[in-house]
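Below you will find one chain, with nothing else, as structure tokens; this is the form predicted on its own, and questions on how it binds or moves follow later.
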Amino acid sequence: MAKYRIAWLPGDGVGVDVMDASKIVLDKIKLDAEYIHGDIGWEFWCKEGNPLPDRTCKLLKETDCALFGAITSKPKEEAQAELVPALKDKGLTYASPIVRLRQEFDLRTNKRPCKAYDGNPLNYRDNIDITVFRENTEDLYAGVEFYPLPKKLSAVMAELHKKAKRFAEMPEDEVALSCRLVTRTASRNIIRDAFEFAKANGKKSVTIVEKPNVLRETSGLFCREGRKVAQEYPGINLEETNIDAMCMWLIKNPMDYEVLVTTNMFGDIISDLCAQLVGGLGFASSGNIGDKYAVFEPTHGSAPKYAGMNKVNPLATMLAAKLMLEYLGEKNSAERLEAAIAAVIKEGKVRTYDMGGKATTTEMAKAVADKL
């Protein structure tokens, strides 16, 4: 029996291509694992009205972790139009399966390394090495939304807060509401994860990225908890900056930052910015990590126009596999895989179209495998 059971979730579009490429390098590493296919993504929304079928959730509960490719996500109106006729009148609402996975399995920590590998022609600057820690289960992505705004809710809001009065006086269909929910426990957890990472990897600073001067209660709570946690790590400097200023400083002085930690939506934004500093989404990996389970993925979308063309860059998925190996305790294999990826990038002989080359997805995978 294999040592590990890994849920294999290709998803949509190029997810299949990049996962096939990653399997080439995992096979070369000879990871002692059984890879079990799971259904997820747009196809299953269209056919079944559920992009994350119950059978897939059951599979995840029976495995050690999951490697995930990519999904197609569309606005509510387009999603409804794609349903098969038998499902259109059932009042189904599309929700991102990866967001649902994070919430149902309490994958509270989203870890996104952004590293500039030597020789990458897409690097904004060399020597950038930033890791973003993004809280993964709450904030504006908690999915607590209302439209139209119920009169009962607007009345309570107006009663409790004078600034809500003008919205309560508007017609119901004039107002949409998304709730930003930030808890003390989740804030402490993600901030402590960031400090633990900094401590384990010799990082000198952790930067909280929020907006407490405007979002006084939610960002304020996050920052206050950050200061408390920081007292447990006297050798690591705590810095605080606003999300808007952070975007500017990352362009101006990206080497000044090592570890960033923030809430869900700000983390989504800032990690994409950091990804572009080191070559774009083709190099951006992500680990969704909880106390009992983890799902690893590239951060790019499904790029349906390239699906099946064997064209896209698979390195982000391979770097996600590297994070998976670390999670499983396979440190040596993780180091070998990253070294092989770095060697191929530095050598520059094999490059996919985004890097200015003509190599296929499979050719990139074989080049990395040859370095293992």
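All of these numbers come straight from a predicted model, not from anything done at the bench. Residue numbers here begin at 1 and follow the sequence given.
Beyond the structure shown, there is the form predicted together with 3-isopropylmalic acid, which is absent from this document and is the topic of what follows.
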If you check in the predicted bound form, is Phe266 within 4.5 Å of 3-isopropylmalic acid, heavy atoms only? no
Taking heavy atoms only, is Tyr117 within 4.5 angstroms of 3-isopropylmalic acid in the predicted bound form? no
Contact label in the predicted bound form: Ser96 to 3-isopropylmalic acid, heavy atom within 4.5 Å: yes
With the partner left out of view, is Phe133 within 4.5 angstroms of 3-isopropylmalic acid in the predicted bound form by any non-hydrogen atom? no
Should the three residues Arg102, Arg112 and Glu297 be counted as contacting 3-isopropylmalic acid in the predicted bound form, with contact defined as a heavy atom within 4.5 Å for each? yes
Pick from 195-203, 252-260, 174-182, 297-305: which stretch has a heavy atom within 4.5 Å of 3-isopropylmalic acid in the predicted bound form? 297-305
Out of Ser73, Thr218, Asn242, Ser154, which one falls within 4.5 Å of 3-isopropylmalic acid in the predicted bound form, going by heavy atoms? Ser73
Relative to 3-isopropylmalic acid in the predicted bound form, which residues of 3-31 have a heavy atom no more than 4.5 Å away? none
